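Quick heads-up: it's one chain on its own, the form predicted on its own, in structure tokens.
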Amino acid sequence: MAAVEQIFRATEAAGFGSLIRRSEAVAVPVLALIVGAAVFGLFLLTQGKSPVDFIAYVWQGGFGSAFSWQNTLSRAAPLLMAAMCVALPARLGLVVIGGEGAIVLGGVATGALGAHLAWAPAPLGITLMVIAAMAVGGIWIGMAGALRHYRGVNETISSLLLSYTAIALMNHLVEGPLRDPASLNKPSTAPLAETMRVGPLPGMDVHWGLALGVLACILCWILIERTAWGFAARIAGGNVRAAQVQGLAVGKLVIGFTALGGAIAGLAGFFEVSTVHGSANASLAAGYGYTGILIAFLARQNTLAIIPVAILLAGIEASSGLVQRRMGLPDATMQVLQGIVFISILMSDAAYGRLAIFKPKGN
């Protein structure tokens, strides 16, 4: 009986320790978010503005009405997919920040192909555009993984440079070979036929990108947490040498996860063209890829946690116009907020495992 009691106590202690570690993974980012918001509040005070008014307008513009919620959820769709482009490679210890490039080129591929699909049935045409957008996004970000594996090039630098290259390539194509002659003031590809446009979710003024983004987060969580590929990725992310000793195909994992993240970001570009803009143009470079970096870090690379974090950040962005009008703040104010929060999140990494409140007794 004594042996059974010892085993029970050890199991209970292990479970309690696991609960503590999980609570730390939630509490530290939340604390960092609060600290960042407090610093931003001080910034507002230096500008002679009220932090309380700012919070009220953010709530009103992002979450205060049915219209606000639909605007927020529409903005959340590309943010969900952009964050996945960061979160998936991060499970392998990679910091990929080039999701903006995958979104832009995914949109260009959609616009270029969709302009020639007016003859096709809607299901076929939309499927082809989805495949094209995901393929281009996957190849583009997969190149960062390939450069890392085969040449040892830092994926953070290469993915960022690839993002700038993608935007430059988009501008060249949209203003040159792919430009619709009828687009005078704003160079664009030829508009998609109405049959190639994706409609909103039933009963909502929010496009299907939101549903696909949430589904992608759930499926990727299953991939990472419940499959052999995900288990292998977590091992490689913890110790590459140990993974190689165990015979794991680290190169395939690196290229595969970066390409998958890029493909999901490319899907965001498809929805931006097929539901929002109707053609590919400079509006594709809206900064969703960079906001996705912040979302992934706030969610601690947990693909399920990305969902509420993306909605929160989307609500803040949705309220930017109202904040600007009512408080007389410049448009870049929200970028200042995001920058402060991002710095707080980066600094909070030093707190993991060091706060006494999150250490089981006896450690």
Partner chain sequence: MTDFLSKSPRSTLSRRDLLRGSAALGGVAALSGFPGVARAQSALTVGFIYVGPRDDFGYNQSHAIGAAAVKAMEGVTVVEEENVPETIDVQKSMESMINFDGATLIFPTSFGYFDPHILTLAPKYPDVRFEHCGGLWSADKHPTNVGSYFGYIGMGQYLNGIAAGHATKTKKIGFVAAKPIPQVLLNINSFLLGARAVDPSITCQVIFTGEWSLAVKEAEATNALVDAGADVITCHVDGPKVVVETAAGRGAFVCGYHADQSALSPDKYLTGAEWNWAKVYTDMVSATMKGEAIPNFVRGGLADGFIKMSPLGPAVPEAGRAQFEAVKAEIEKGGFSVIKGPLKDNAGNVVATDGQAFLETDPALEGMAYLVEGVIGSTS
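Rigid core (definition): largest C-alpha set, two forms, superposition within 1.5 Å. What you see is a predicted model, and the numbers here were worked out from it, not measured in a lab. Residue numbers count along the first chain shown, from 1.
Absent from the display: the form predicted in complex with its partner chain. The rest refers to it.
Undergrad: Could you tell me which one of 184, 124, 215, 222 places a heavy atom within 4.5 Å of its partner chain in the predicted bound form?
TA: Checking each option against its partner chain in the predicted bound form, the one that comes within 4.5 Å is 184.
Undergrad: Find the only residue in 322, 27, 304, 35 having a heavy atom within 4.5 Å of its partner chain in the predicted bound form.
TA: Of the candidates 322, 27, 304, 35, 322 is the one lying within 4.5 Å of its partner chain in the predicted bound form.
Undergrad: Given that the partner is absent here, does residue 52 sit within 4.5 Å of its partner chain in the predicted bound form, heavy atoms only?
TA: Taking the distances in the predicted bound form, the answer for residue 52 is yes, it comes within 4.5 Å of its partner chain.
Undergrad: So, residue 56 and its partner chain: in the predicted bound form, are they within 4.5 Å at any heavy atom pair?
TA: Judged by the heavy-atom cut-off of 4.5 Å, residue 56 is in contact with its partner chain in the predicted bound form.
Undergrad: Does residue 257 make contact with its partner chain in the predicted bound form, using a 4.5 Å heavy atom cut-off?
TA: Because no heavy atom of residue 257 falls inside 4.5 Å of its partner chain in the predicted bound form, the answer is no.
Undergrad: Indicate whether its partner chain has at least one heavy atom within 4.5 Å of a heavy atom of residue 64 in the predicted bound form.
TA: Taking the distances in the predicted bound form, the answer for residue 64 is yes, it comes within 4.5 Å of its partner chain.
Undergrad: Choose one stretch from 104 to 112, 273 to 281, 259 to 267, 131 to 139: the one whose residues place a heavy atom within 4.5 angstroms of its partner chain in the predicted bound form.
TA: Correct option: 273 to 281.
Undergrad: Heavy atoms within 4.5 Å of its partner chain in the predicted bound form is the criterion; list the residues of 103 to 138 that meet it.
TA: Stretch hits: zero.
Undergrad: Taking 2 Å as the cut-off, check whether the CA of residue 297 shifts that much or more between the shown form and the other one after a rigid core fit.
TA: False for residue 297: its C-alpha shift is below 2 Å.
Undergrad: Taking the rigid core as reference, does residue 50 move its C-alpha 2 Å or further between the shown form and the other one?
TA: After core superposition, the C-alpha of residue 50 moves 2 Å or more between the shown form and the other one.
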